[in-house]
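Taking the form predicted alone, here's one chain by itself in structure tokens.
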Amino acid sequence: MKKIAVTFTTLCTLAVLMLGCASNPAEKDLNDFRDYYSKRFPDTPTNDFINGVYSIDKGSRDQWESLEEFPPYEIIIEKGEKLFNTPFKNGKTYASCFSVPVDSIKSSYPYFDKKRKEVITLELALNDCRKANDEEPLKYKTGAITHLGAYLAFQGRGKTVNVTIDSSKESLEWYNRGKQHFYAKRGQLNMSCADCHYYNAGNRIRADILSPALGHTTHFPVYRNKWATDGDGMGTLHRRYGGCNKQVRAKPFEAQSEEYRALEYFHTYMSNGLTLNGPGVRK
């Protein structure tokens, strides 16, 4: 028995070194990521990072809390509920496409689909549902897709972020692609997501305080004052990704591109264990 145990231990050690056995490299990333923010902002409770910059700056938080008393996204939630429950031409509704209750839909995404060998986001799933029911797909950054997202996010408030990164080659490839995007510099300003929201979180860029990346994905879709000038103010996470790329003078990827879905996979995994609190209000 002792010889068998030694052999098994040796095999496991070798497997760990080759991204196998009982270890998953994403787990270490998650622990290091969480530890970094807890040390950088020791007075901020871990779950409060779901409130973005409002978790680390009292002045901003006071203004935000007053907005949340009469949130501008309330009417959007109502529109989303109506859309979700209105039958398609064939008589089915969005609910027919999901195997979980409405309050668990939001927390089920993103995930790696082993059959399709790709990451599926909520917005992609909503349009897949429409296509399966012979309906035209929705635009991915604004409009009805954000109304549905706001309704599902509101229904899912209080659920926990629980993205799975399994040890399969394909799942880790998508995860590492998102991780690489987060840390890679791009654009004329030669900046990465991490430059703003990891290394410089809490610092100012002009008049704005840079928010921590931890908790970023918990409150989307969001209403932004900036976006209210040319629409209803709502936008998806991928709309925000595109805006960030433009701000560093890099060409944005298409919403729901593989690049942004991989980024969302990594980005959301980094908030595992935090509470969903969407939709949200941001500047």
Partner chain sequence: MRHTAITVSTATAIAVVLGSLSLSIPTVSQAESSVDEGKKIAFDRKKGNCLACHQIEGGSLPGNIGPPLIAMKARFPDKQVLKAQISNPQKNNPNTIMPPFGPHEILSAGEIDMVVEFIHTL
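Residue numbers count along the first chain shown, from 1. No experiment lies behind these values; they were computed from the predicted model shown.
One more form of this protein exists, namely the form predicted together with its partner chain; it is left out here, but the text below deals with it.
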Practice prompt. Only one of Lys139, Lys117, Lys185, Lys92 comes within 4.5 Å of its partner chain in the predicted bound form by heavy atoms, so just point that one out.
Written response: Lys185
Worksheet item: Of these, Asp128, Asp103, Asp195, Asp166, which has a heavy atom no more than 4.5 Å from its partner chain in the predicted bound form?
Response: Asp195
Discussion item. I need the one stretch from 68-76, 204-212, 141-149, 117-125 whose residues put non-hydrogen atoms within 4.5 angstroms of its partner chain in the predicted bound form.
Written reply: 204-212
Practice prompt. Decide whether Met191 counts as a contact residue for its partner chain in the predicted bound form under a heavy atom distance cut-off of 4.5 Å.
Written response: yes
Worksheet item: Does its partner chain come within 4.5 Å of any heavy atom of Arg249 in the predicted bound form?
Response: yes
Discussion item. Check Thr160 for me: does it contact its partner chain in the predicted bound form (non-hydrogen atoms, 4.5 angstroms)?
Written reply: no
Discussion item. Taking its partner chain as it sits in the predicted bound form, is Tyr199 in contact with it (heavy atom to heavy atom, 4.5 Å or less)?
Written reply: yes
